[in-house]
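Only one chain comes next, encoded as structure tokens, the form predicted alone.
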Amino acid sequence: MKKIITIARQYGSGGREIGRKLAEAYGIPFYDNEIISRAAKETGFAEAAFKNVEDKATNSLLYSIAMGMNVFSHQEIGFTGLSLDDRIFLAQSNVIRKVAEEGPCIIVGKCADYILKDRENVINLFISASVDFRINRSIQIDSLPEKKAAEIVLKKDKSRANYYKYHSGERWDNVLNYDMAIRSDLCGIDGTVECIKAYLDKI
């Protein structure tokens, strides 16, 4: 495997687990929260600041105003310069480019597909699943309370979509932006890993 694999995923679809299993199968590095830890160490920002930034993006318009920049032109508004969250995004972007330079790897989330869009050796995946599958999995894996699980799952998806839209100007769930889109509920987590491997081994 000589490619950089990025994985965007709906909340509860198992994208992180799928990415980790793919990395183990190919013997290549896996990056998720590792990106956060490395970016925090390089910038001096607290890791908590990186972990919370995506959750703030529930409303795209309010998020854009709060961040102090225009979604599409990325021109600064006012005199405050880049917001903390924008600086955090740039720090994460720098780390993502560095790990991509270091060799084949798998990167989950964090707009990695957009950040690495100019590289030729990148394969972008999108993992989705039915809402019921994601709710049930989130209750089992993430211990979400049953009564609030559906609300949390949909809110997480909205946050990810708005965060992606803000930074890229693109729709996060537009499958045309990805090389492969696959539903993990149709053949299970391990089956999805095998399907993706079959695809990657052919290209």
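Numbering starts at 1 and follows the sequence shown. As the structure is a computational prediction, the values presented were derived from the model and not from experiment.
Here the subject shifts to the form predicted in complex with another copy of the chain, a form of this protein not shown in this document.
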{"property": "Interface membership of Val175, another copy of the chain in the model of the complex, 4.5 Å heavy atom rule", "result": "yes"}
{"property": "Close approach of Ala25 to another copy of the chain in the model of the complex, 4.5 Å, heavy atom", "result": "no"}
{"property": "Any non-hydrogen atom of Ser93 within 4.5 angstroms of another copy of the chain in the model of the complex", "result": "no"}
{"property": "Contact flag, Ile182 vs another copy of the chain in the model of the complex, heavy atom cut 4.5 Å", "result": "yes"}
{"property": "Residues within 4.5 Å of another copy of the chain in the model of the complex, restricted to 181-197 and counted by heavy atom", "result": "Ala181, Ile182, Arg183, Leu186, Cys187, Gly191, Glu194, Cys195"}
